[in-house]
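Coming up is one lone chain in structure tokens, specifically the form predicted on its own.
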Amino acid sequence: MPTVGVKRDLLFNALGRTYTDEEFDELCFEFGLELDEITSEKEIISREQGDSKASGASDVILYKIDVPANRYDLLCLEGLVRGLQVFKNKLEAPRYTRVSPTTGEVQRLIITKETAAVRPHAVAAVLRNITFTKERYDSFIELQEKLHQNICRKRSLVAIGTHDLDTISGPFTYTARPPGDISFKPLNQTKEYTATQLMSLYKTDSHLRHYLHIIEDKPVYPIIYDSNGVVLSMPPIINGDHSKISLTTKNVFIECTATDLTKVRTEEDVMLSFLIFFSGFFCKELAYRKEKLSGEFINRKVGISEPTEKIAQLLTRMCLLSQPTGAGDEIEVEIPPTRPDVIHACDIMEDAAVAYGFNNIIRTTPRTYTVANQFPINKLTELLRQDLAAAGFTEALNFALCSQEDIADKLCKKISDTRAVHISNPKTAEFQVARTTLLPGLLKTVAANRKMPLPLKLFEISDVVLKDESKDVGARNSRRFCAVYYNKSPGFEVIHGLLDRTMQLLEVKPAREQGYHIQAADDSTFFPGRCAEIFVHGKSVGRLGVLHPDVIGRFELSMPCSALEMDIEPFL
């Protein structure tokens, strides 16, 4: 959940009254929020950097408030205040309408076809006659950053740019050009740079370097110009210094570029609704939509019994203007553009429950009685874990994601033969694919515990992920059992004995047709002539053997190791 930090005194001043900490905590709970922490800037710095760094920091009390991840309209002080005042019936839900500029001139943003290669979508709006204070300006910048981190997915889907309209002139052009052809003075810099130079400059910037990968490999970079050729921004990296906003800004030009058209419209609507709090007028149509649902649906789903008129009042308190239609218990609900989280009837029902108060819902005995049962695969897993531990093996639990090298090169296999599910945008080389075998994780665990007394006997029972075109998601989970024995001698007999004990626990007898048996096999992961395939009722379920010296070396081990891995789902 995103956390919004607001100054307590500013918050209470905007709300029109003061609260004790307990009273405000209760108000947050009633509204579906959580007062996570009461602190100060000085206390935060002292806790993170020490008392010496905190000297001179502000003692102003800060409220850290957890906001639901889908409530983008509450990510700033102004939105939070507006929501709470409507909830407490001190303010009517605002109605947003478009106002034509007094000059009669409507600004235009022209999108060229070149942007299709990098960020094809863009929208824009103008907000006029606003008033910034230092606190409002800081809140505005913080909201923009929280939107970037939240729904914008760190600018990969959407990037927001805001500009002082009085310093630029339309119409504006959104296009894309080779990085060598782009040159401008970026925000808070003293000279011009080409786009190529900016990429090098910001590689060491603690904030902007996280966004460079979005466009740095593209043949062209997105760029926005005004009618005089002045660069407004190079999304999603940096704005131009020429059009930066300040406390004296009265008219704001907002541009949002994106790879997702729905997200970019949502972002712009939230930004506009925030800025309108500063008594502005905007030049863009904000779309409202209406939904109809029955009072009986809400009563049944929430577990209450309220008349239609009362339910409509509850929804209106959540900024969803509602009224009975007169057709039975039907309610018409108007969804404002600031509530993109309301998609289905169940979202409206949830808001009605919040406004009613979860603590006010009377507990009732469920009409349907059910008896829960453990999934058979999980029950089998738990039973095996206990007995394998009793056999002298220590259980390990490793990550479900790993590198391509772990499941391919280190095991002397090709990545194309592994049926691995790849992560499209891995954050680190250690988590590139979903594991197709449990063996690499156990070998890495052994490597991390090389200094422990020998022998090391480890096992793991967990899922692997395999591509499967027959499944609707193109992949499936498979529950595996893997064990390794690491010592001065290979200890194949120990792993073989563990296999026999496992089969005994699974009540499978040693027999070629109606039981289990092992058969010599070739596998590049294992030493030649020291690998066997496990068959149960004539079907292969796994392999065991002595690992190849190359595999042992690639996991930074120096002694022989035997391993066993098998699928346990056929035993259900």
Partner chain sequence: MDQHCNITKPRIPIMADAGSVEALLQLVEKADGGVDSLDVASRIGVDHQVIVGAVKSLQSLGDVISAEQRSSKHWELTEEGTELAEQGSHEARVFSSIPPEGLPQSELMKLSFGKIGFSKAMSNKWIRVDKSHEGGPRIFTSVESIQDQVREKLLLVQRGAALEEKDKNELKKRKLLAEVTVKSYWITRGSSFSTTLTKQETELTAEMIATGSWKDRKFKPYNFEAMGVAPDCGHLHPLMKVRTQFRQIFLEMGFSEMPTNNFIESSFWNFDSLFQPQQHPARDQHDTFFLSDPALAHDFPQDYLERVKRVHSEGGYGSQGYKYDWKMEEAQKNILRTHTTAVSARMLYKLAQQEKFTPVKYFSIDRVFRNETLDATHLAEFHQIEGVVADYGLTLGDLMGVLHQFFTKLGITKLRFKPAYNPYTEPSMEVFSYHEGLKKWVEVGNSGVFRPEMLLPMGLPEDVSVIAWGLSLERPTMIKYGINNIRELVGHKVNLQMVYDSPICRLDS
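The structure presented is a predicted model; accordingly, all values stated were derived computationally and were not measured. Numbering follows the first chain given and starts at 1. Think of the rigid core as the biggest set of C-alphas that the two forms share within 1.5 Å after superposition.
We do not show the form predicted together with its partner chain, though everything after this point is about it.
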Legend entry - One residue of Asp241, Glu291, Glu306, Asp166 in contact with its partner chain, assessed in the predicted complex (non-hydrogen atom, 4.5 angstroms): Glu291
Inset, instruction - Taking 4.5 Å between heavy atoms as the contact cutoff, choose which of Thr115, Ser462, Thr502, Thr249 touches its partner chain in the predicted complex. - result: Ser462
Inset, instruction - Although its partner chain is absent from this view, report whether Phe393 comes within 4.5 Å of it in the predicted complex, heavy atoms only. - result: yes
Inset, instruction - Look up in the predicted complex whether Val86 has a non-hydrogen atom within 4.5 angstroms of its partner chain, and give yes or no. - result: no
Inset, instruction - Mark Ile534 yes when one of its heavy atoms lies within 4.5 Å of a heavy atom of its partner chain in the predicted complex, and no otherwise. - result: no
Inset, instruction - Report whether the minimum heavy atom distance between Phe431 and its partner chain in the predicted complex is within 4.5 Å. - result: yes
Legend entry - Partner-proximal stretch of 175 to 183, 372 to 380, 199 to 207, 121 to 129 relative to its partner chain in the predicted complex, 4.5 angstroms, heavy atom: 372 to 380
Legend entry - Heavy atom contacts to its partner chain in the predicted complex at 4.5 Å, residues of 457 to 481 in sequence order: Leu458, Phe459, Glu460, Ser462, Asp463, Val465, Lys467, Asp472, Val473, Gly474, Ala475, Asn477, Arg479
Legend entry - Is_shifted Arg435 between the shown form and the other one (CA, 2 Å cut-off, rigid core): yes
Inset, instruction - Compare the position of the CA of His121 between the shown form and the other one after a rigid core fit and state whether the shift reaches 2 Å. - result: no
